[in-house]
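Okay, here we've got a single chain as structure tokens, the form predicted on its own, with questions on binding and movement later.
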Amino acid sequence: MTGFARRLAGKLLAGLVMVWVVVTFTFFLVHALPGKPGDVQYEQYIMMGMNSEQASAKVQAVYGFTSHAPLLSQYTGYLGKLAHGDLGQSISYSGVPVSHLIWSALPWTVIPVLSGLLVSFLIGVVAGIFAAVKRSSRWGGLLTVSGSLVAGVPAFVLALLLLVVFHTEWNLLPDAGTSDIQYTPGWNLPYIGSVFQHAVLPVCTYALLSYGGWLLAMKSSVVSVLGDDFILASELRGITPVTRARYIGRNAILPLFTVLALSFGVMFAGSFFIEDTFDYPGLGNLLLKSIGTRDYPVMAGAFLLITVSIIIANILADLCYTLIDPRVRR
């Protein structure tokens, strides 16, 4: 087995252990909640006219365990259903599998998050390099101030500000939903154009939210590299400005790749306010609604998916860093 395969196997094993820890914590957290949701749901089914067997079967379908079974039996049964990809059934949407709700909401979170993150990364890196090289000029100072201001604005304030300016005041972009209702969903231009139009404000919010961080991080990294001995030595050798810029950019951007990979996972957890503001039916919106309706199976499924996405992003960041920087393989 090669060194890369061994590292990958080790990371995957550690990721599985972390997922098991989170699943176990979520299971016992649900049991520690006041009133024990499984018991409450069982009593509600009894009051609806079901007999004890029917109520237990319904609770089993919703939560993945029966409320009157021993705790260890409930736990092993829950893990067994998870191993087969069964997350239970939603309470709010009676009879609908949790996995169906999550997979339906996932694209409306993944696409805006990825788009916003990549746009902000590209703009922030370029602006950061310019701000570092021209840090003594007026433009360099303005870029640094813009990054500091945007980085300090909370997500919901930024989303509301864009909504007021581009919808309420100028009426240029829609305020909610994923498309206009007059278009038939599918691979047709009017529908795709409407989806793109509705995604502009959420994507811009994600991009502005992380733009300041990329700019300030890249500026700090470039300033640090500019003072390295190999840059001074290469200047004394008379290298061209293009080659010098390539040396600086390659070394300064390395730490940011790790942060970029981690940001993919973290942005999932930060999508609540943005999706709620624009009524975008993504994973964050689904999780907020499930909290409001105490839909515990959906909450557990959403938390599990967010955890898995962060773990996968962490593993990818670790592996990619060893590929792009040979020094860490030693």
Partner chain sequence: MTATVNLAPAGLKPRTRHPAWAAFRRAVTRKPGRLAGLIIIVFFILLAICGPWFYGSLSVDPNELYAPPSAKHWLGTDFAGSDVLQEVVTGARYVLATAALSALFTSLFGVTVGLVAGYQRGMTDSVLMRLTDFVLTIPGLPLLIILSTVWSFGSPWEMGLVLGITGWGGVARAVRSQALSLRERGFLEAARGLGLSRRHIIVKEMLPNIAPYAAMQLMLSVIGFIGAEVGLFFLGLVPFSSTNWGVMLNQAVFSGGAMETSSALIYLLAPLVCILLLTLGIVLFLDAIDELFNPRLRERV
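All values reported here derive from a predicted model rather than from experimental measurement. Residue numbers count along the first chain shown, from 1.
The same protein has a further form, the form predicted in complex with its partner chain, not shown here; the description that follows concerns it.
- Leu161 is the sole member of Ile111, Leu226, Leu79, Leu161 with a non-hydrogen atom within 4.5 Å of its partner chain in the model of the complex.
- Proximity of Met18 to its partner chain in the model of the complex falls within the 4.5 Å heavy atom cutoff.
- Using a 4.5 Å cutoff between non-hydrogen atoms, Phe264 does not count as a contact of its partner chain in the model of the complex.
- Using a 4.5 angstroms limit between non-hydrogen atoms, Ala313 is distant from its partner chain in the model of the complex.
- Shown alone here, Gly85 lies farther than 4.5 Å from its partner chain in the model of the complex, counting heavy atoms only.
- Comparing 163-171, 205-213, 111-119, 124-132 against its partner chain in the model of the complex, the single stretch with non-hydrogen atoms within 4.5 angstroms of it is 163-171.
- For the partner-free chain shown, Val145, Ser148, Leu149, Gly152, Val153, Pro154, Phe156, Val157, Leu160, Leu161 of 138-162 come within 4.5 angstroms of its partner chain in the model of the complex, judged by any non-hydrogen atom.
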